[in-house]
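The chain below stands alone and is given as structure tokens, in the form predicted on its own.
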């Protein structure tokens, strides 16, 4: 995916900075052209894109199947909600705390789990996704988590007297965080560490023969992946203004996995399309058939994967390569 930008640059015949400036204008434009509810949906899409990017690091780039990243999303959301509601801390201070805590949790879980690998790792992470919502209902920590009632927080107002509604400001804040995370991950994957992460996926035995500490690198990758997904969870708590155990069922982990596959595995830009898919396609399915939206959603998903087996990112790569030829 590091080659996507040079390809687009050659195709469009413009300077890279002009290309990114145009992209930034398109991203900011909804603040002034879209109604509040659609802007809220775009905010959720950006949050899901960050979470899917975290999953893509461990599954797409490192080759380790995880079906439990909804658990880290939930932990990040609860860390932000508890810090805001119980401790009275500002919303922005909850983001690094949620990322660090989820990174530590991911490291602790990844250390033994990644030694299993393959389908055993998938089942281990799946059990984590099943267990976390039940743990959040445990009465021993109910004073912090709110039990089945959850925790209510309030969306921040625009600072410095900016003439923006809370939805507009939240979209811009989430967009800024998403751009920052995507740039950092892109640089990570283009670095020596990123190449080592992908080498483990492609040729594990060869990587080990070259002296790489595969166990440590896998564990650290899992921790970074959990950290990014936890950051997305914290943003979701602020944007939605409410967290409860039922909001983070095992379906959330499946949703993130679907978004990763639809957007494109092992792709930096793919999670953007994955986030848009998991937010807007279920609504589209419900508009088509209110009686059986799940059937319509399943049909759209199967059709989508049949037509685009490499995801949206794979389609874009093929289109750009064909136009260049």
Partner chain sequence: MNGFIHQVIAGIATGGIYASVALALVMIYQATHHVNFAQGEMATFSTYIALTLVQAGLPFWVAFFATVGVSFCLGVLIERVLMRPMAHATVLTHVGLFIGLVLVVSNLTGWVFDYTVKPFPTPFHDGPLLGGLVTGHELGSTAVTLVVLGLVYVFFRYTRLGLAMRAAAYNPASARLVGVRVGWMLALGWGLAAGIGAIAGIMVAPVVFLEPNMMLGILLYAFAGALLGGIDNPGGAVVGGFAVGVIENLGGTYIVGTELKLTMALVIIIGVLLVKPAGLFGRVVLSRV
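Positions refer to the first chain, counted from 1. From a predicted model like this one, the values you see are computed outputs, not experimental measurements. Rigid core: the largest C-alpha set superposing within 1.5 Å between the two forms.
Beyond the structure shown, there is the form predicted in complex with its partner chain, which is absent from this document and is the topic of what follows.
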For its partner chain in the predicted complex, the stretch among 152-160, 118-126, 95-103, 229-237 with residues bearing a heavy atom within 4.5 Å is 118-126
Its partner chain contact at residue 295 in the predicted complex, heavy atom, 4.5 Å: yes
Using heavy atoms and a 4.5 Å limit, would one call residue 90 a contact residue for its partner chain in the predicted complex? no
Contact between residue 172 and its partner chain in the predicted complex at 4.5 Å, heavy atoms? no
Even though its partner chain is not shown here, does residue 130 get within 4.5 Å of it in the predicted complex, heavy atoms only? yes
Check 65, 205 and 250: does every one of them have a heavy atom within 4.5 Å of its partner chain in the predicted complex? yes
Ok, 181, 197, 224, 113: which has a heavy atom sitting within 4.5 Å of its partner chain in the predicted complex? 113
Residues in 294-315 with any heavy atom within 4.5 Å of its partner chain in the predicted complex: 294, 295, 297, 298, 299, 301, 302, 305, 306
Cα displacement of residue 299 between this form and the one not shown reaching 2 Å, rigid core superposed: yes
After fitting the rigid core, is the C-alpha of residue 309 off by 2 Å or more between this form and the one not shown? yes
Look at the CA atoms of residue 297 and residue 256: state whether they lie closer or farther apart in the predicted complex than in this form, given a difference of 3 Å or more. closer
